[in-house]
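One chain follows as structure tokens, the form predicted on its own.
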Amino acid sequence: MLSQIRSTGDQLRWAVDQPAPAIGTSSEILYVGMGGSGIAGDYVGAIAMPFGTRMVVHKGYGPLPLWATKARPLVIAASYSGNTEETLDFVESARDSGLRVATITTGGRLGELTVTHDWPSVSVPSGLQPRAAAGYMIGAALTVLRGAHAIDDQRLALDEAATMADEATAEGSDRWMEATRIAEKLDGRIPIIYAGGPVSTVVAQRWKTQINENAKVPAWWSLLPELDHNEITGWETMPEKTREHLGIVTLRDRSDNDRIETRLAHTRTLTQDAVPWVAEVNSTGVSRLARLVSLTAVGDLVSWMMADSAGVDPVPVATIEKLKKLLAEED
């Protein structure tokens, strides 16, 4: 898993040289994907936001949402394996509705449909755990959006992000040591990731899912200012338990609203007797993609270090595979 995490830089560089498929102009994007493929859509949605492109990420089955039947968006179906049940179901709905479809996959059933219907596609290299192929999937999605003239060329940003990923995941780097300190403080605790903006929020979700799949422990993420309207009261009645078993990490980016810093300070003051606030991680970099990757690298390392400390193999996801088998038996 560590080698796969460290391959993120090479994955992003791979996308720099990928030709954009000819799609035609579209400023309405409906991206469908699950797990690691789905989070790539969230990342690219955060990048597309400043360009005025509406990008909605759908994680689930069909049918199409009503707005899509009216707006006629470009549907991007992303599945690393090509066999994701929910994505395949949704793509059938998109095809039946006559929407344009582009795909991102290594093959599988989605690859077969791509060939059959001559859909524009970006084929990504196989051989990784889907969650560890985020660099490929993000780069491929950016390539599709470039082909749809939905965003500016992101190849310089991809190169910057790749360099940042390499530097962060090098043993002994500042980011490596930061991740080490966080993992040590989270040892034996359920992590809670707080964020407050378009960049930090996307990465908070990634931290949560990486900790779930790699370290095999529960985690959750919440968004400011929303959590100040509900979750902040949840620390009032069980402080003896929450102090012992939970820990908060905050993620920050310069795109966060100025009021988020103030809210974080007050939220911490009001809750720190009930739950430890173990770290604040700040993004670095110029481009939005690089800043996303700078926060992501720390979270990926933390999840691996937590698994290593607990003696857990971060690669297999046995419970997910068991669930897939149970679902298949009912077909």
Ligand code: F6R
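From a predicted model like this one, the values you see are computed outputs, not experimental measurements. Sequential numbering from 1, following the sequence displayed.
What comes next is about the form predicted together with fructose -6-phosphate (F6R), which is not displayed.
For a residue to qualify, one of its non-hydrogen atoms must sit within 4.5 Å of fructose -6-phosphate (F6R) in the predicted complex; none of Thr201, Asp253 and Gly285 qualifies. Stretch 126 to 134 is the contacting one of 233 to 241, 126 to 134, 253 to 261, 188 to 196, since its residues have non-hydrogen atoms within 4.5 Å of fructose -6-phosphate (F6R) in the predicted complex.
The listed set Val57, Val278, Met34, Val275 contains one residue whose heavy atoms approach fructose -6-phosphate (F6R) in the predicted complex to within 4.5 Å, identified as Met34.
For the options Ser121, Ser222, Thr169, Ser81, the one in contact with fructose -6-phosphate (F6R) in the predicted complex, meaning a heavy atom within 4.5 Å, is Ser81. Within this chain, Glu160 is remote from the site of fructose -6-phosphate (F6R) in the predicted complex, having no heavy atom within 4.5 Å. Proximity of Ala310 to fructose -6-phosphate (F6R) in the predicted complex: non-hydrogen atoms within 4.5 Å are absent; the residue sits far from the partner. Using a 4.5 angstroms limit between non-hydrogen atoms, Val16 is distant from fructose -6-phosphate (F6R) in the predicted complex. Fructose -6-phosphate (F6R) is not drawn, but in the predicted complex it has a heavy atom within 4.5 Å of Val317.
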